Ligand code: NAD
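To begin, one chain is listed below as structure tokens, in the form predicted on its own.
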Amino acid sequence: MSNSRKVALITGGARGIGLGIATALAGDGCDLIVNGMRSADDVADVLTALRALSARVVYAQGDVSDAAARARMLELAHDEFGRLDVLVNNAGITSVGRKDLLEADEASWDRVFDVNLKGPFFLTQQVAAWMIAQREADSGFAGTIINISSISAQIVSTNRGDYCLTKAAIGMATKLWAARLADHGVAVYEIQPGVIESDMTVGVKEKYDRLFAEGLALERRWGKPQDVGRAAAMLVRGDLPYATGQTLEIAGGMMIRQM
């Protein structure tokens, strides 16, 4: 392996939670393959800011639900770095149209499942094979795979049924890959963010401002992308050993019930 720095592929890494993770990993000394849907010109400022953290950064435009796009991401990682230490499956979309369960349609279902579940699963499959090969070539290699899901894996939203189902399934995918890869030096984790302030949540800002003021979470504030980023960086550093397959809730105590 020609590069001693860890290399991380982050899907959806040019905005929101993904950018929070990319920033934290770059600050920790990782080089990055940042995936996103926008053109390279549209994310130029983001890439410049990441490079200012002394990281080598390449951009891989593409839809994670598309097999050819996934293959291009890994080809880029091979060509530019010759190694891959970290995969962060972050890219995702919310339920199209946020329709009630009684009005949900198959087109929205297929799109949400393709992006949120099928894409990450088969990208992980490809990355896992590469990580196994790296471990066989170097017994000191230790890979990390992080799946970004949501508290919607546990909390019901009847106008986002497809989204909730994909996030719940990501939890099982985490356990499956953790079991499959443990003997190959690859740790697999799930991070469940709570309500995070980003461009995806701008439309519900007033609603959640009120709910936080009323005690939605023990910490009465919006989550920040950097909150999730710091959790991911901890996992990549290896600061939580002997814990593969585990889920971290980064939600300000939202899941704790009180009487």
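Quick caveat, the model's predicted, so the values are computed rather than measured. Residue numbers here begin at 1 and follow the sequence given.
Not pictured, yet referred to below: the form predicted in complex with the named molecule.
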| query | finding |
| --- | --- |
| One residue of Ala233, Val46, Ala55, Val195 in contact with the named molecule, assessed in the model of the complex (non-hydrogen atom, 4.5 angstroms) | Val195 |
| The named molecule contact in the model of the complex: Asp63, any heavy atom under 4.5 Å | yes |
| Distance check, Gln226 to the named molecule in the model of the complex, heavy atom within 4.5 Å | no |
| Heavy atom of Ala22 within 4.5 Å of the named molecule in the model of the complex | no |
| Any non-hydrogen atom of Asp199 within 4.5 angstroms of the named molecule in the model of the complex | yes |
| Contact segment among 213-221, 23-31, 47-55, 200-208, judged by heavy atoms lying within 4.5 Å of the named molecule in the model of the complex | 200-208 |
| Stretch 109-135 - residues with a heavy atom within 4.5 Å of the named molecule in the model of the complex | Arg111, Val115 |
